[in-house]
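One chain comes next, on its own, written as structure tokens: the form predicted alone.
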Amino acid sequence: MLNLFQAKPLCIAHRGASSLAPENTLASARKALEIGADMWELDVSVTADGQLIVLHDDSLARTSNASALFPNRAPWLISNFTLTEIKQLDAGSWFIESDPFGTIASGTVTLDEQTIMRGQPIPTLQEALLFTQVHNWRVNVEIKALIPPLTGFPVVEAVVSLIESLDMTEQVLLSSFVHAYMQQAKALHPAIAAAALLDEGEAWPAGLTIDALHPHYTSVDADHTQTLRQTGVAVNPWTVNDPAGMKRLIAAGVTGIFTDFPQVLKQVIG
């Protein structure tokens, strides 16, 4: 099983180094790896033809050129597109055009790096896992809640089966806001680490068999964190981008921190 406890908190790159490259692409994963993040995080969803791909939103509109390439398919829900169609999309140019974190305007992202970003494809989960495996790295795979017409798709079984086939049980941490998914994953393969994601203010549900808790960063306090750690449950809050917030969480004793700015967190952990 993946070891979630170490001397210093884990630097977990949220959707890759998403302040420096388009989220949930291999470009963002490479950047996080270069920075020295301990792990990267990605979101997995399902296409119309039952393929596992890496995407956060239900819609392709925000992080790809789906609206331009398929103008008559609004609202461009992932569940209505096949993998072949999705592989035609550019999942990088939006980052350059919208500059979501101001890193292009500040000059942090160079022109050469911007050139590489254009045309970035949406990866399959297998491609993302193989990238992680080749680099002897670690990854948090968040399983998204499915939307119609794919709500009955066996997504947990598919994800666990892929991890098993690649022999990556010690490199993967599963997580989800759908806690039943995590219970299902632990039943299928107890050696794969699983975490419950919590919204802001959400209490930890009783009776869960999990290895980690991923609360909203505002919900973290030192006493609760230490209690959880003493019972063997890791605490990895999301998503913290300012140094002051990072320092507060480190002082509280968290085991890891999700951030869009792994380059900043690495310096703070120092």
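Just count from 1 along the sequence shown to find any residue number. In this text, all values refer to a predicted model and were calculated from it rather than measured experimentally.
From this point on, the text means the form predicted together with a small molecule, which you will not see here.
Participant: Thinking of the small molecule in the predicted complex, which stretch from 135-143, 101-109, 162-170, 183-191 has heavy atoms inside 4.5 Å of it?
Facilitator: It is 135-143 that comes within 4.5 Å of the partner.
Participant: Answer yes if any heavy atom of M117 is within 4.5 Å of a heavy atom of the small molecule in the predicted complex; otherwise answer no.
Facilitator: Heavy-atom contact with the small molecule at 4.5 Å: absent for M117.
Participant: For R30, is any heavy atom within 4.5 Å of the small molecule in the predicted complex, or not?
Facilitator: Answer no; every heavy atom of R30 is more than 4.5 Å from the small molecule in the predicted complex.
Participant: Would you classify D43 as touching the small molecule in the predicted complex, given a 4.5 Å non-hydrogen atom cut-off?
Facilitator: Heavy-atom contact with the small molecule at 4.5 Å: present for D43.
Participant: When the contact criterion is heavy atoms within 4.5 Å, does H56 count as touching the small molecule in the predicted complex?
Facilitator: Taking the distances in the predicted complex, the answer for H56 is yes, it comes within 4.5 Å of the small molecule.
Participant: Check each of L197, I78, A128, V155 and return the one that places a heavy atom within 4.5 angstroms of the small molecule in the predicted complex.
Facilitator: The residue in contact is L197.
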